[in-house]
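Just one chain follows, in the form predicted alone, and it is written as structure tokens.
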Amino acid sequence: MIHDKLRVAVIGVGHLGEYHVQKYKAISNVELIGIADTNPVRAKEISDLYGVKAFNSHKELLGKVDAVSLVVPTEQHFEVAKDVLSRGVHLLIEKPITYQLQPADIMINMAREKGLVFQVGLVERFNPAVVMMESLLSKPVFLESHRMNEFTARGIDVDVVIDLMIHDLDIILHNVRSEIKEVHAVGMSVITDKTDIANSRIVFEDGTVANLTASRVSNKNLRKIRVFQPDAYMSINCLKREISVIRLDADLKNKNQFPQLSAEKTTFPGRDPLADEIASFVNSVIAGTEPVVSGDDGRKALKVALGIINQIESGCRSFRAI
């Protein structure tokens, strides 16, 4: 049966799942068939608010849709995703893909065997400032990221490396076309029983170095990436969605005949990375193309994240109060 619109659903309509509902409702060639959530009170709340049918179980949805967003807790990703993929339904799964590599491999293989789009929700890849940065990269020699959050109770079921740093790992691994040579990591618990602040230094075979810091116990929110390469220095503010590019201008000289620097800032007001991510998923399903952030990308970031976590757990683990 041919449908005029892509039939979609959202499984899991908590804090982030509600945003998925909003974005799908705004796409003209999409029909939001329904939602599912294990909390019936929350499901009814979202159903009433957005005028969409609530189903008692995600399994009831799967015969009625072409694609779904899976926005359930990470520990449920594997079991629910298997149900989705086994029914031939295209899948956008929120990050991280899973907690372990083996179930990630099973999902990737299921999607590949059935010819399904399998996209991982590493939304920062759709930040317009990051997209522009990628277009300007030539041969980066040093990349530095800071991803800092004020403490909230949301997301503390996972390590900060999985919760926050994985976004920057994905960006860096996507853009540095070299194998990893060394990883050095430190981190510690501050408030929770998991790592709340972490730093990792990654050295690639081609000599590129990346330094990543993530914290969920900061006094302000910060999302910045800095890049050094032979022809430019770039500073990307992911929160403000702006990028500054500084270059050496050989034609412009000061009174001492030294070359001068030229700076250009580009901002992207009004852009919505999550809306772009979901639109990209929809377009991949309709066109039958590889998603921007594939299951393999999600697995690659997870593999490095797990290595960082293992290294942290072998060292200092606790923050001592004064």
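For every residue, the number given is its place in the sequence shown, counted from 1. Quick caveat, the model's predicted, so the values are computed rather than measured.
We do not show the form predicted in complex with a small molecule, though everything after this point is about it.
Partner proximity in the predicted bound form, defined as non-hydrogen atoms within 4.5 angstroms of the small molecule, places exactly one of 260-268, 61-69, 34-42, 287-295 at the interface: 34-42. In the predicted bound form, V80 approaches the small molecule with a heavy atom inside 4.5 Å. When contacts are judged by a 4.5 Å heavy atom cut-off, P140 does not count as touching the small molecule in the predicted bound form. Proximity of I11 to the small molecule in the predicted bound form: non-hydrogen atoms within 4.5 Å are present. At a distance threshold of 4.5 angstroms between non-hydrogen atoms, T192 is out of contact with the small molecule in the predicted bound form. Taking the partner from elsewhere, no residue among H146, D168 and N221 has a non-hydrogen atom within 4.5 angstroms of the small molecule in the predicted bound form.
In summary, among the residues R177, R154, R112, R247, the only one with a non-hydrogen atom within 4.5 Å of the small molecule in the predicted bound form is R154. The single contact residue among G207, G88, P230, P73, judged by any heavy atom lying within 4.5 Å of the small molecule in the predicted bound form, is P73.
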